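This document starts with one chain, in the form predicted on its own, laid out as structure tokens.
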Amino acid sequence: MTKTYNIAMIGGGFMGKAHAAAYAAMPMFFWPAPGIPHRKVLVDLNAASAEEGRQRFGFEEASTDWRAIVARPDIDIVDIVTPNDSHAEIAIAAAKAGKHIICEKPLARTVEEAKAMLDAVQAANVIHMVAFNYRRTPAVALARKYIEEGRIGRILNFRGTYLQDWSADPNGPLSWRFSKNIAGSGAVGDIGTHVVDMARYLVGEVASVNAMTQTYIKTRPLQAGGVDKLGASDKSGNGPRGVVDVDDEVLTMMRFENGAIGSLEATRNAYGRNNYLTFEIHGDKGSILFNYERRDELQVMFADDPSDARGFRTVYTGPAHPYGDGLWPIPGLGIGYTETKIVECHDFFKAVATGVQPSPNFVDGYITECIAEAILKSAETGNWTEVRK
């Protein structure tokens, strides 16, 4: 009989919605499921928001005391979907209590926090995952399959972008994502780390970087109420404003340990770009191109194609491709953000059931934070900067 695991989810915002939907749907998509998620307790900042989240997301209980919940013997898994400044404290406490942990990205605000979290989960010998869900898009996993099969040969270069426009308006509210004390960094940590994860997943480890960062909007309107709002909502040009002390945009060159070179650009100030997460990878035998806004498609070109068929072709992902047996029976029916979270949930529960660490885990989260640190340091100095080992 498949084991049921009790989940305590810390945080009830929009990422909590994504995780809760995955818990509900995962056994429907992947059956027999490696484990049955039971939405046991939702924890939020106050009793009203916790109870609303409990009802909305289908949890059995509501609480405002994450410390008491993490210590409970009936909790098997702790899911951290809070702002970045509380990741380390919650994860370390959960590890000491022997809980398996999934934590939203970025893992931490700093390398030191990430290392403390990694040390805690390794000492406790619990399963741990950091939620870089975009790599679980079937087209992205297919790109990795082609690369591992040698279909594009030796990788020469990687070009990655993550462009959004939700904070392009200067009258968008001062979300916690614009505060270094809470977020750690701006575009670098919030969306740039997704590109870093893609680069590591598909190409290999980053050795050094040479970066620039910019902060275009220096102040934003203070938010009213306790609910965090992204910059695309509730714009206001009146009232008090607070200081933005993180980056709005990052552009960096990268050198990989395997000799490949690359670039990364991430911004939340690109009008007209909604969730433009892309990569283009060139090898000495072909190329691969992906755009998350067309997530069912992978563009490929193989150098051994006949001369009258040269050029990019479109592969529409479906049953023959990664995760195809658990998703939809016809190619191109449509994969959404929720499906990537469902796949992530499946892989996490499979790791919990088998005792084999998933990927990406806290090791990957730590390495990603080391790369982010190098990017920010390079932007300050203007020099090539080695990634901390």
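Computed from a predicted structure; not experimentally measured. The first residue of the shown sequence is 1; numbering continues from there.
Below, we refer to the form predicted together with a small molecule, which is not included among the displayed structures.
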query: One residue of Gln164, Thr213, Thr82, Thr161 in contact with the small molecule, assessed in the predicted complex (non-hydrogen atom, 4.5 angstroms); finding: Gln164
query: Among the candidates Lys105, His87, His128, Lys99, the residue which, in the predicted complex, approaches the small molecule to within 4.5 Å (heavy atoms); finding: Lys105
query: Region of this chain that lies against the small molecule in the predicted complex, out of 309 to 317, 135 to 143, 239 to 247, 164 to 172 [heavy atom, 4.5 Å]; finding: 164 to 172
query: Candidate spot Arg200, Arg255 and His282, all three touching the small molecule in the predicted complex (heavy atom, 4.5 Å); finding: no
query: Close approach of Ile191 to the small molecule in the predicted complex, 4.5 Å, heavy atom; finding: yes
query: Proximity of Asn275 to the small molecule in the predicted complex, heavy atoms at 4.5 Å; finding: yes
query: Contact label in the predicted complex: Tyr337 to the small molecule, heavy atom within 4.5 Å; finding: yes
query: Non-hydrogen atom contact Arg177 with the small molecule in the predicted complex at 4.5 angstroms; finding: yes
